[in-house]
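Only one chain comes next, encoded as structure tokens, the form predicted on its own.
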Amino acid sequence: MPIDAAETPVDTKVEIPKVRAFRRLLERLILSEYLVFYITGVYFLIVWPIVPEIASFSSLRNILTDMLPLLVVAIGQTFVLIVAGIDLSVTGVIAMASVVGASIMTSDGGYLQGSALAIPVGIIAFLVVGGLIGGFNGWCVTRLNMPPIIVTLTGMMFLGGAAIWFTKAHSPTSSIAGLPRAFVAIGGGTFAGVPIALFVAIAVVVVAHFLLSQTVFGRWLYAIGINPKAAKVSGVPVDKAILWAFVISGVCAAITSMLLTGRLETGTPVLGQRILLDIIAAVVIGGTSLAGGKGKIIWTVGGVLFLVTIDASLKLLGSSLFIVFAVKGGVILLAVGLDAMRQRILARGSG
């Protein structure tokens, strides 16, 4: 039976609204602040039948434990990325703070060996190292007009070597052990069955969220990321805000150093050496834009959760280190692609 040509336009009119509705749904999903949580849930459900162990209590606890140090340092990175910067020195800060703090507290010839002040002074040393390095990075970027990627990459390399030199000057071995049990509990201990590191991470999340969403400083950061020249004309102290963003990144890296040092029960110059890719990936996957002006702490939480879940599943599958890095690299590329897609959708909407 011949097809009536008059029916074709009717079918087209029926199909076009469906296509448009699907595209609108897809755009809403891409623009959703909770996209990374949806993706994590879908990924978990897909992997669960393949590796049922991932849903066990021990695996879920390991995911949470692995997530906490990475989350803290990623939060600091979020502040820097919002102002369109980047901080590659965080792994160097983690290593340097670890050995400096450990040299004060260690029972093997530490500066405050056996003193009641050893732990509080050691913790202050961690934070001071992070803050000073972050401040120096910010000063180079704002006062010397050096590119953040060059400043922090150089800092990462210098701090890595300095941490090794410092360790050799304070220990006959490649690390500094003999740390007080009370300090070790910060990274590996529990309170009422809950990891103490979880309380530390929650405190950092709350403070960071408050700074970004409820303070003038947070509005300054977003304004700088969107358009630094316009922000400066509007009265925003651009250089000061950028400097403090780097300080916050350094302090967060130092807190992560405390958590990792406590977990390992030793200060080591190679601490955090392999997590730089994870730090950048977690923040970008969460939705913070590499172009600046966009980012939230809850997004970073989602990005860290997604990345750690992938890491845990690959380990349970027995994947090689090459596969792990390849998958993470692919995930970063996907995240950058999604960010570009978001920008196009927003630009089309505003236009």
Partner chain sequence: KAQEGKTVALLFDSLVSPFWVTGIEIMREEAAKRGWETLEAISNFDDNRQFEQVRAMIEREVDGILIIQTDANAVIPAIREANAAGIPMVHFNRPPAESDAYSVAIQADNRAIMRETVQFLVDEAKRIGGTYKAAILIGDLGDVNAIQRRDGFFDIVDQNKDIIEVVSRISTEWNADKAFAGLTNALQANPDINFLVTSSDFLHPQIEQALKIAGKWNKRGEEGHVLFAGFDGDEGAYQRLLDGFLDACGVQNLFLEVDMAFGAFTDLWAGEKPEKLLLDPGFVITQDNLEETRDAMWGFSVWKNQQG
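In this text the structure is predicted, and so the values were computed from the model without any measurement. Positions refer to the first chain, counted from 1.
Note that the form predicted in complex with its partner chain isn't included here; everything after this is about it.
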Report yes if any heavy atom of residue 95 sits within 4.5 Å of a heavy atom of its partner chain in the predicted complex; otherwise report no. no
Determine whether any heavy atom of residue 175 comes within 4.5 Å of a heavy atom of its partner chain in the predicted complex, and answer yes or no. yes
Would residue 315 count as a contact of its partner chain in the predicted complex, using a 4.5 angstroms cut-off between non-hydrogen atoms? yes
Residue 311 versus its partner chain, in the predicted complex: is there a non-hydrogen atom within 4.5 Å? yes
Tell me, please, which stretch of 37-45, 57-65, 297-305, 24-32 lies within 4.5 angstroms of its partner chain in the predicted complex when heavy atoms are compared? 57-65
Only one of 75, 260, 83, 105 comes within 4.5 Å of its partner chain in the predicted complex by heavy atoms, so just point that one out. 260
Which residue, 275, 204, 129, 241, is the contact with its partner chain in the predicted complex, using a 4.5 Å heavy atom cutoff? 275
Heavy atom distance at most 4.5 Å to its partner chain in the predicted complex, all of 142, 170 and 251: no
Under the 4.5 Å heavy atom criterion, name the residues of 257-276 that approach its partner chain in the predicted complex, in sequence order. 260, 263, 264, 265, 266, 268, 270, 274, 275
